Each structure stands twice: as structure tokens, then as C-alpha cells.
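Quick setup: one chain, the form predicted alone, written in C-alpha cells, and binding and motion questions come after.
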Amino acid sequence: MRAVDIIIKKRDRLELSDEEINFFVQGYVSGEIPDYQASAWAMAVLLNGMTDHETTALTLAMADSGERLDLSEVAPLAVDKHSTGGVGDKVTLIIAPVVASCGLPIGKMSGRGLGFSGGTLDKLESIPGYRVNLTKEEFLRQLKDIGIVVTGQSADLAPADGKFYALRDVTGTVPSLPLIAASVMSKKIAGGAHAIILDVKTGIGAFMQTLEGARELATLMVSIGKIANRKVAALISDMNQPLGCAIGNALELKEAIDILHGHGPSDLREHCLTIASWMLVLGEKANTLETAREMVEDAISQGRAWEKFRQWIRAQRGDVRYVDEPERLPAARLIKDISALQSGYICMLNAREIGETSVGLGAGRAKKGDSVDHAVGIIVHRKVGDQVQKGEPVFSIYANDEHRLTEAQERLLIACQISDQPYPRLPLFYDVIPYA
């Protein structure tokens, strides 16, 4: 079997066999297949696509390129959740302790922010001492002992994904749906998940900006799950405006704490309750979404979710004083309100522009290796459809640098648009792709 023959076959729009796909993936990871051939193959996939069966074979080959976690002894039915990224998306911080407090173990390997999309690990590192580099043994022991763990991605899990992604990033092949789907699903399968809830974002602040594209990606990943004998369901959610009010690491952590105490923005609360309910159904802790909803609401109102959160943070050596007293968390030196320039109705809060503005303040990374300022960010005081009066605050900027604050102010004035006429509110969810 030769790599060039596999490239030619895909170039000619023919379906690759499982053996050919596995040969190519293993050859690229081992270094026997060079970058230039892998680039040609990735471009052929981008241009000509893959069948669902091919994409599943690619997913499994990538999952098998390294170590696979077996969670069956500590979690007979392991459920995971994946978001395709967004602005203000602190959902994992909330749903993980909620779901775990309902008796469903959740072990997640999360990532850092890159570009305008925030990362769960960066938010958690706002807490002094929190460890994001647990070993496999520590991961499994904590999952067994307290039913919740969130750590960084192990380099031993699906190493093919990291190598292919780095290649795609510099060859213009990132937008390929089969390669995106295989990237997401290979890591979840290698991480031991038996059931997976996918939160697929759509809108100006999402990778898939059109509903049609988001639905196509979601459907493909659900299909991969079915073929790979996993229970997978996808919810397509809005990312035209930020989720919740806070953008920035410590600010988002504070907002997550508010939700766990039964407060916080209504859109974020509803989003999290919906995702958590689906996880309980897939995890067979509830027979219906209605029953699951009652369980998650009760977990929050009775304080069990909050206690599970504290237990989780302490287990990973985070200083719980910083979550018990959020005012201890990193705080910005400069705070400035940005007010509406006219009265009317909010008709746009450009999520991408707001996310990029937060990165410009230092809350995220323009490129890998950049440092993060956990204190800085933005609070959004209004949502699309809200009425606002001239002079009322729409944003608050949290900064540690005068120049960056000025730049952020200019960008946020562009990110917000106000209409003279009433404007409809944006939906939280557009569609559900249920598991088969």
C-alpha cells in the first residue's frame, strides 16, 4: 500500500477503505508519510469530501493513534460534552458539577482558548493552585472518588489529531467538515466517552457561521457516533451574541459561580439547564427531559451542585477560598462603562468582535504561547432585543492597560448596533439532532 495511491484515489472522488485510511493515519503519525503528502490528502478531502463511513473510519484511526482511556470500571456509562467554541461559553464550569451532583460521573479533557474563543482551562487557572495536568491515574482516581474531573488534554490521546490539525492550520484545510468532525470525535472516543452531547454553535461568533453548515456538521458527528456505537446527540445553539454577560477568565468564573448559586444571566442559566438535562437522559439517569430538568434545577436550588463544585476544585488543589469569596479572584485595575449613543433597541452585539476585543485586552491568545491576563475582559449589560436609553451602559471594560482600554472602547462601539424599531430576541437553540 502506498500513500500516493490513497491520495490519487481521494483526488478522483473514490471511497477509501478502512485499511487505507488506517494506513495513512498511522503512517503520518509515525513520520513515514511526509507533510507534503498529508497536505495533498487533506486538500483532496476538503475538495471532494468523505462518506460518513469514511469519516468514522478516520475518527477511529485517529482515536487509535495513541492511548485510549477505559472508564468502564469507574463510570459504567461515561458521558461527555463538547462545545465547538464561542464567546462567553463557560458552560462546562456549570454543567459539570450539576451533572455530577445528580449521580452521573463526568470526566473532561478540556482545552485552552485560541483566537476569539475562550478556553475552559484558562478560566479554571484563575483559581490559584488549580491543576490542569493530571496524570491518567489521577484522572481515573478522582473520577471514581468524587465523580468529576476536568483537566488538560493528554498528549498520549489521539496524537494524530494534534499533528493533522497543525498541518491543516497552515494548508488552508481547516474548514473541511470530515476533518473537523473526526478531530472532535476522535478525542472524545479516545477519552473514553460512551455518550456525547455536542453543543454546536452557529452565528457570527461561531466557526460554523450558517445554520445550514452547523446542522451539516452536527448531523455528521451524530452519524459518526452511531456507526462507532456511541450515543451522540447535538444541539445547535446561537453564537451571534455572547453567551451570558461575562467575557474574560475570572469574570466568567464569577458568573458561573453566580449560576451555581441560583442567580446569573437567564440565557446562560437556560442554556446550561438544557445541556445538563440532555446529559442526564443520555447517561440514563432520567427517562425524559422533563424529569432531568427537575433533577438539575433541584441540584442547584438545594446547593448540591455548588458543593460538588467546591469538592472538585479542592480535589485538583485549587484554593477554594477564591470560589467561596470571588472578590479574591484576579481584578482589573481599570474599569470603564461604554454607554449607548442613542435610545432604541439593541439589534446586534457582534460576538466575534466582542471576543476579539477581549483578546486584545489580554484575556485570550492571538497565538499559542501567549500569556493570559485572567483579570481583564468585558461585561455585556444588554442583549439583542433589549430596549436601551441613550447614556445607559451597554458594556463595561475591565483592563490593566490604558492603551488597550481605549482600543477596546472603539471596537465595542462598532460591535453594538441600535435600531429605532423593536427587534426580536435571538433564540438560544435552533435545532436538535437526536441520537438514533
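If you're wondering where the values come from, they're calculated on a predicted model, not measured in any experiment. The first residue of the shown sequence is 1; numbering continues from there. Throughout, rigid core stands for the largest set of C-alpha atoms superposing within 1.5 Å between the two forms.
Separately, the form predicted together with uracil (URA) exists; it is not shown, and the next lines address it.
K.L.:
Using the partner position in the predicted complex, report whether residue 179 sits within 4.5 Å of uracil (URA), counting heavy atoms only.
P.N.:
Yes.
K.L.:
Within 4.5 Å, heavy atoms only: does residue 184 come near uracil (URA) in the predicted complex?
P.N.:
Although uracil (URA) is absent here, residue 184 would touch it in the predicted complex, with heavy atoms inside 4.5 Å.
K.L.:
Spell out, yes or no, whether the shortest heavy atom distance between residue 322 and uracil (URA) in the predicted complex is within 4.5 Å.
P.N.:
No, residue 322 is distant from the partner.
K.L.:
Against uracil (URA) in the predicted complex, would residue 207 count as a contact residue? Criterion: heavy atoms within 4.5 Å.
P.N.:
Taking the distances in the predicted complex, the answer for residue 207 is yes, it comes within 4.5 Å of uracil (URA).
K.L.:
Sort through 352, 194, 82, 308 and report the residue having a heavy atom within 4.5 Å of uracil (URA) in the predicted complex.
P.N.:
Selected option: 82.
K.L.:
Which listed residue (254, 168, 231, 271) meets the criterion of a heavy atom within 4.5 Å of uracil (URA) in the predicted complex?
P.N.:
The residue from 254, 168, 231, 271 that makes the contact is 168.
K.L.:
Spot the stretch among 82-90, 139-147, 324-332, 68-76 with residues whose non-hydrogen atoms come within 4.5 Å of uracil (URA) in the predicted complex.
P.N.:
That would be stretch 82-90.
K.L.:
Going by uracil (URA) in the predicted complex, which residues of 268-307 come within 4.5 Å of it through any heavy atom?
P.N.:
Sequence-ordered list is empty.
K.L.:
If the two forms are fitted on the core, does residue 161 show a Cα displacement reaching 2 angstroms between the shown form and the other one?
P.N.:
Yes; that C-alpha moves by at least 2 Å between the shown form and the other one.
K.L.:
So, superposing on the core, is the move of residue 62 at the CA at least 2 angstroms between the shown form and the other one?
P.N.:
Comparing the forms between the shown form and the other one, which are aligned on their rigid core, residue 62 does shift its C-alpha by 2 Å or more.
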